[in-house]
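Quick setup: one chain, the form predicted on its own, written in structure tokens, and binding and motion questions come after.
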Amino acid sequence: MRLAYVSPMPPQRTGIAHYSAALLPYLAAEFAELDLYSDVAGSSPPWVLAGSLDSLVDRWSDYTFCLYHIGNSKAFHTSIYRMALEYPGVVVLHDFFLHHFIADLTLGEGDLPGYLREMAYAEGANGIERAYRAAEDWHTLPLFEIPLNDRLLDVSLGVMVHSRYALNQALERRPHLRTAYVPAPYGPETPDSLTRGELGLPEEAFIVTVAGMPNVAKRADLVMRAVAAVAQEMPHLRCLLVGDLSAEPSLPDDPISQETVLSTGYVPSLSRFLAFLDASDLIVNLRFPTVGEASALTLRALALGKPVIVSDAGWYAELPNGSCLKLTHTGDSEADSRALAGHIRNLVCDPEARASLGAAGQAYVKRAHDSRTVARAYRTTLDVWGAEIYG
């Protein structure tokens, strides 16, 4: 079996690049012939690029499968998406909903006819009507209602996803689609050995951390308000924003929320990013609404043995009870903030509960998301699909 592996790679600033860097050494042990194709310049140790996506066009038919890694970023996935449509292979769908990506690729470039085509393909006349409405008012874009991945599903030889939620979503839209659930891999990854002082963090504070790329669905605004509410009773609480989240326009600017906030800005080194997670007492990684993603950040936090609060939705809802706390979103931000404040307050006051969650989460990641296990799942899936397709 010969594989072409097509993905963003470090130093590109996307979680899928880190996903591929973690998985490739283990895939190499499962597949004798595996070539990496990426538009990132230079080599990505221990991998030397077989070439850019353009060079794959002439060699596409040499491979048993091309594995296309697709996410929601126009910057990193436009070429891969177009290649997957023209030269079909197996798609690893990191975000089940691609509406953000398609809207950015079409409406974001002033291409209304392109958006109309995709909405019509997915939803027929109703899609066209909603597309015209969205073009007039981008606030009505059905980003979390219509996946806009239908064209990709229809041409692909198979689709891999990282959650049973996404698997069910795919089969609801295309019942006969060749699909597989393959868990997201984890590391192993090692944080820099740095003290709080070396990281510029207060030694005595109880630090509640929100981390990652800016994303309204992370609900950092809700976390800031919840921490501020609890800090009125427990003044040693701080909300740490790790990454570009401080630039998110939805963040509250009232003085009560701001006075408890610490911010790092973008952290270019993964090991230093992990050091901030390791220095935290509690990590909150909400994602609501979800686009069917799995969260590398959540896996990293759990692997470090940290207590974690997540949204009770999508992939996050599938995490075992006892490995994390889950927040049910009601649609009322004030009610959700109060509920989150209650979770935070309880964990601040109960170190044994924090330790129990951390230990259970760490054990779960090692058991279910080991990179070797994930690589074997790739092999098993592709062996089956290869036999089905090629005989």
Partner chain sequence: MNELPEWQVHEVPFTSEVPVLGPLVVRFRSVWNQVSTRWYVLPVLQQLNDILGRVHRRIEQICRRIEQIYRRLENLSDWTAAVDRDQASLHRSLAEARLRIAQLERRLREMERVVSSVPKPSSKEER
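Positions refer to the first chain, counted from 1. Note that the structure is predicted; figures quoted are calculated from it, not measured.
Beyond what is shown, the protein has a form predicted together with its partner chain; the following relates to that form.
Residues within 4.5 angstroms of its partner chain in the predicted bound form, judged by any non-hydrogen atom, belong to 148-156 and to none of the other stretches in 95-103, 148-156, 234-242, 206-214. The partner is absent here; in the predicted bound form, the one residue of 174, 272, 164, 74 having a heavy atom within 4.5 Å of its partner chain is 174. With the partner omitted here, the residue from 256, 194, 112, 85 that has a non-hydrogen atom within 4.5 angstroms of its partner chain in the predicted bound form is 85. With respect to its partner chain in the predicted bound form, the three residues 138, 143 and 370 uniformly fall beyond 4.5 angstroms at the level of their nearest heavy atom. Remark: residue 129 counts among the residues lining its partner chain in the predicted bound form, judged by a heavy atom distance of 4.5 Å or less. Remark: residue 124 counts among the residues lining its partner chain in the predicted bound form, judged by a heavy atom distance of 4.5 Å or less. The closest non-hydrogen atom of residue 389 lies within 4.5 Å of its partner chain in the predicted bound form.
Heavy atoms of residue 364 never reach within 4.5 Å of its partner chain in the predicted bound form, leaving it off the interface.
For the partner-free chain shown, 60, 61, 62, 63, 64 of 51-70 come within 4.5 angstroms of its partner chain in the predicted bound form, judged by any non-hydrogen atom.
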